[in-house]
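The chain below stands alone and is given in structure tokens; this is the form predicted on its own.
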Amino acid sequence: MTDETTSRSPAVAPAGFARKYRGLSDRAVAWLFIGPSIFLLLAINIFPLIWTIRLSLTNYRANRTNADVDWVGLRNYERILTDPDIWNSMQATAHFLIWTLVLQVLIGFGLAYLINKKFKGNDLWTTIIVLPMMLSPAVVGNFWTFLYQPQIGLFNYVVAFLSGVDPSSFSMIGDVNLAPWAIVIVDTWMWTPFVMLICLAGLRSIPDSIYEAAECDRASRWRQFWTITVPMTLPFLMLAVLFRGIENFKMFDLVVQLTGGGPGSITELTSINLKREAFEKWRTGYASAYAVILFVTVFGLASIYVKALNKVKER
């Protein structure tokens, strides 16, 4: 009797478990497993956003926790949108964003097009080109700060060798006109390999049969490039621009290591300006409104861009 009961007990438990959850659909079981993770992600992302919006409507200061907090409504947003310093930082960010995207797309696509051709040492050159994006932005910032030194920096001597000017006659990170281009050069050097890899994936996804058919129709290399290569790689290019645009809009650590926002405030991007408002001036409510405006700007532009990207994919 005991042996028979023992032999039956393992089969009874699974049957009971199956009867208990027999009414659940596959979708319900899936939500049962992923629900806690989604709840945690929403709590981490949505709650800080709601809290930031609430703080943006007050004059709260984090260094005065015992002071009375007044409700100021949309006054912080009005002050931000009429502050000339904010618009100067927006202009610096736009200069940095546009030029880095243009250079990274052009150089990255060109490198991908060359590497896609089969030649000896292809894998070695790909590895060498990808090396900069493997480094930490803080390390890259310190490294290029040394290269930009007027007296001992290698960059000035290379420019002097090519142009014949005195290497100590200019300073890339100390000159008001050159500092914005200094951070553009460094970011382009670091992140062009990322764009190259995405473009390379797009180029290698094009079937060889399409080029063979074009050659049978006696299409020239130039025609094949503009009618086959560019249109079929365009979604990958747009995806690279989306990723790099979002990252460069919130660029912080690299620029801080290079120029710290200077000289003056010529390279003070919105992220650096936001940090100073929040953690140097301790205008927490004002900085929260600033952060909300930046979030809405990035989210709105990204949404419009994604719609355009989807239309390109549907062609």
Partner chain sequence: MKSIGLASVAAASLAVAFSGSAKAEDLTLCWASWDPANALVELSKDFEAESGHSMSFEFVPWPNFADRMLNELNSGGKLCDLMIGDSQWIGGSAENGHYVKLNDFFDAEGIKMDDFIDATVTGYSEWPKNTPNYWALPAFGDVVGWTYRKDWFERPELQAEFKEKYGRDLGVPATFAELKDITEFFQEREIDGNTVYGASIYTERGSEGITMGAMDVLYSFGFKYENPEKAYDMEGFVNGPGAVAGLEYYKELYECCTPPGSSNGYMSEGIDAFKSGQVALQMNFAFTWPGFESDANVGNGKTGYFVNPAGPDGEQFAQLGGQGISVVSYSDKQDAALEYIKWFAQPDVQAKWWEMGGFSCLKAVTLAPDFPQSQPYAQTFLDSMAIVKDFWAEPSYATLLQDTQKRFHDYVVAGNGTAQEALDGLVRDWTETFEDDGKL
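What you are looking at is a predicted structure, and each value in this text was computed from that prediction instead of being measured. Positions refer to the first chain, counted from 1.
Just so you know, the form predicted in complex with the partner chain exists too; it's not on screen, but the next bit is about it.
J.: For Gln224, is any heavy atom within 4.5 Å of the partner chain in the predicted bound form, or not?
T.: It does not: once the partner chain is placed as it appears in the predicted bound form, Gln224 has no heavy atom within 4.5 Å of it.
J.: How about Arg64: is it within 4.5 Å of the partner chain in the predicted bound form, going by heavy atoms?
T.: Arg64: yes, in contact with the partner chain in the predicted bound form.
J.: Wondering, does Pro235 line up within 4.5 Å of the partner chain in the predicted bound form on heavy atoms?
T.: Because no heavy atom of Pro235 falls inside 4.5 Å of the partner chain in the predicted bound form, the answer is no.
J.: Check whether Thr229 has any heavy atom within 4.5 Å of a heavy atom of the partner chain in the predicted bound form, and answer yes or no.
T.: No.
J.: For the chain shown here without its partner, which stretch in 144-152, 180-188, 216-224, 97-105 has non-hydrogen atoms within 4.5 angstroms of the partner chain in the predicted bound form?
T.: The contacting stretch is 144-152.
J.: Within 4.5 Å of the partner chain in the predicted bound form, heavy atoms considered, which of Cys199, Ile80, Ala92, Ile173?
T.: Partner contact (heavy atom, 4.5 Å) among the options: Ile173.
J.: Pull the contact list for 262-290: residues with a heavy atom within 4.5 Å of the partner chain in the predicted bound form, in sequence order.
T.: Read in sequence order, the residues that approach the partner chain (within 4.5 Å, in the predicted bound form) are Gly262, Pro263, Gly264, Ser265, Glu268, Lys275, Arg276, Phe279, Glu280, Lys281, Trp282, Arg283.
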